[in-house]
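Heads up, the chain below is alone and in the form predicted on its own; it's given as structure tokens.
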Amino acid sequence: MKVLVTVKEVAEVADDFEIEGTEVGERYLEYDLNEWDDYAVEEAVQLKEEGPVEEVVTVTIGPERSEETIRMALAKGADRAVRVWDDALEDADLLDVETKTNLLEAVVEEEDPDLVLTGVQSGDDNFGATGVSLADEIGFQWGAVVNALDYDHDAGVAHVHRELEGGVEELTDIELPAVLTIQTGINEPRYASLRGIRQAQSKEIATKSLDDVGLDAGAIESDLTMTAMYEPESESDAEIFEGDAGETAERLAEVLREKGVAE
């Protein structure tokens, strides 16, 4: 049994930053593994440790810089990785859900996994739709926002617990092959050990261009265009009370009385 995990490198923005055109300046960004994908990697590795999974493969869409992030997933127990990138992707303004689906579909066809795990969403664009879109495109069963997973290898069924809107919880069975989008809190992602980090340096990261996955530039044409980026204005300013505990408490009481909160 093979599990394919989609992973993404996301940017974290510094507290103070500047917008340059339609992007945040590169010098204000730090990159890390997407939080939701970290839980998906952990779930795949745990399935492998329990026995039914023979191989865990990660796939990412990203430039060479992202290999440092990919190796963290390898250090946590993934066996190998696939990285899809191309000059045409470098020039794209926005990688929307359809574009990512096209690229991931090509990798799924080549890898032929039994189970695909994705994070529910990414911490940057927050589309939250790529996993379900991929399942629809490749014809797999799917389950979204999974916060508990128990796999029955003999029956080929994933017993999943899903977190739905309005606090509704659902327990359902999903036959494999399937795509599951993983919610945070389903497990406790492990830290990469020094041994794992060393081993990750020798694990394979296969880099594939559009040609390598059988696609052309038309597969990444998007109907979405980034037209502007701006920092939203704050609706109110915070007032900082200075002084010792007694002084700040007295000032707070005055403000509450002025607002009609306290008599």
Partner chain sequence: MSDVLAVAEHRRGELRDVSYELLTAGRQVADATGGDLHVAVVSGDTEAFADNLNREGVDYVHTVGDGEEFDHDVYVQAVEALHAEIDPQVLVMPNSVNGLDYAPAVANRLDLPLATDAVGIEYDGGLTVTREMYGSKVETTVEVGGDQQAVTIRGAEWPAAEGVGDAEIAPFDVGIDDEGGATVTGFEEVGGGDVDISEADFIVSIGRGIEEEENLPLIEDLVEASDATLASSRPIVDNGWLPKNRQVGQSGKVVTPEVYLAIGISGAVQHVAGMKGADTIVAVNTDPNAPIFDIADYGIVGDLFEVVPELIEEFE
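Between two forms, the rigid core is defined as the largest C-alpha subset superposing within 1.5 Å. Positions refer to the first chain, counted from 1. Please read all numbers here as calculations on a predicted model, not as lab measurements.
The same protein also has a form predicted in complex with its partner chain, omitted here; what follows describes it.
> Answer with yes or no whether Thr225 is in contact with its partner chain in the predicted complex, where contact means some heavy atom within 4.5 Å.
Thr225: contacts its partner chain in the predicted complex.
> Is the gap between Val108 and its partner chain in the predicted complex 4.5 Å or less for some heavy atom pair?
So Val108 does not count as contacting its partner chain.
> Answer with yes or no whether Asp150 is in contact with its partner chain in the predicted complex, where contact means some heavy atom within 4.5 Å.
So Asp150 does not count as contacting its partner chain.
> Would you check, heavy atoms only and a 4.5 Å threshold, whether Gly77 touches its partner chain in the predicted complex?
It does not: once its partner chain is placed as it appears in the predicted complex, Gly77 has no heavy atom within 4.5 Å of it.
> Of these, Ala206, Ile197, Ala217, Met229, which has a heavy atom no more than 4.5 Å from its partner chain in the predicted complex?
It is Met229 that has a heavy atom within 4.5 Å of the partner.
> Report the stretch among 67-75, 162-170, 108-116, 80-88 that approaches its partner chain in the predicted complex to within 4.5 Å, counting heavy atoms only.
Going through the listed ranges, the match is 162-170.
> Looking at its partner chain in the predicted complex, which residues in 2-16 have at least one heavy atom within 4.5 Å of it?
Residues within 4.5 Å: Ala11, Val13, Ala14, Asp15, Asp16.
> After superposition on the rigid core, does the Cα atom of Gly243 shift by at least 2 Å between the shown form and the other one?
Comparing forms between the shown form and the other one, the Gly243 CA shifts at least 2 Å.
> When the rigid core is used for the superposition, does Glu254 move between the shown form and the other one (threshold: C-alpha shift of 2 Å or more)?
Yes; that C-alpha moves by at least 2 Å between the shown form and the other one.
> Using the core for the fit, does the CA position of Gly185 change by 2 Å or more between the shown form and the other one?
After core superposition, the displacement of the Gly185 C-alpha between the shown form and the other one stays below 2 Å, so no.
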